[in-house]
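What follows is a single chain, given as structure tokens, in the form predicted alone.
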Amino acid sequence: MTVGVVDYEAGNLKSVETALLALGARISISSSPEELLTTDRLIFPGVGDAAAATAVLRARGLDEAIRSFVATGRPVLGICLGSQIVLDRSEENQATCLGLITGVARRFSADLGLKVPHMGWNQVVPTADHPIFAGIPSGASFYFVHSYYPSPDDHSTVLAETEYGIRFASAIARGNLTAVQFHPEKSGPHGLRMLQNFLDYRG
């Protein structure tokens, strides 16, 4: 089994690679749509600006490759920016995103009186059963770095929530596509367990 990792100049690729190799995974980090489409699973990481990232995805044909991969039913995992770009759009520079899950990536309001970006460890509380959280206790802490968060239209797509001034969706899913706002690859044993769950996940 090979795990494809999308390289689109916005991914936190080294830490993702290190975590997957620690789990014994065979990985292919690539910006080639054709190569990624031959893999068994796909991870779509990312940090940075949504508009810039989506522009790179379109220029390289990776937007259609990701859509095609999702359509095959093979497991896909979005991480951080990857959990925002799967939505219809982002408030960050009014970016048009992939539209795989209906909704918007919203910026934390300054009215909350909290530091933005939301950075550091915070609790993740599952709101639905899903194999990605197998063996991970409710309220386990994961590492976050973000100014925007997923706001899906359909609450049934929310897998987990986190409190930061408001309660926001920190994990979402539709079918074989799962996306998390936090960084499992930087979140110690619980994060490694989540990545192992993704490797084991059969859809």
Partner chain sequence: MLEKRIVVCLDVRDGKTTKGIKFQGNVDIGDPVEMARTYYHAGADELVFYDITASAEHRGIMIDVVERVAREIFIPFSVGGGIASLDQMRSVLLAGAEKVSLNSQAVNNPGIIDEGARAFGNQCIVLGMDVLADTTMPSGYRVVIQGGRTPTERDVLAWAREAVDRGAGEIVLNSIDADGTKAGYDCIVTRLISEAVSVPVVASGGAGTPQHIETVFRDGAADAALVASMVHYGEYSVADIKRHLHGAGVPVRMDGVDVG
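Residue numbers count along the first chain shown, from 1. Bear in mind that the values here come from a model prediction, so they are computed numbers and not experimental data.
There is another form of this protein, the form predicted together with its partner chain, and it is not shown here; the text below is about that form.
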Query raised in the report: Is A19 a contact residue for its partner chain in the model of the complex, using a 4.5 Å heavy atom cut-off?
Result: yes
**Report entry** Residue contact check: P189 to its partner chain in the model of the complex, 4.5 Å heavy atom
**Finding:** yes
Query raised in the report: Contact between T127 and its partner chain in the model of the complex at 4.5 Å, heavy atoms?
Result: no
Report task. Would you please decide whether G120 lies within 4.5 angstroms of its partner chain in the model of the complex, comparing each non-hydrogen atom pair? Result -> yes
Report summary line: Among 163-171, 150-158, 30-38, 64-72, the stretch whose residues bring a heavy atom within 4.5 Å of its partner chain in the model of the complex is 163-171
Query - Site test, R58, L100 and F182 vs its partner chain in the model of the complex, non-hydrogen atom cutoff 4.5 Å - result: no
Report summary line: In sequence order, the residues of 101-118 that place a heavy atom within 4.5 Å of its partner chain in the model of the complex are K115, V116, H118
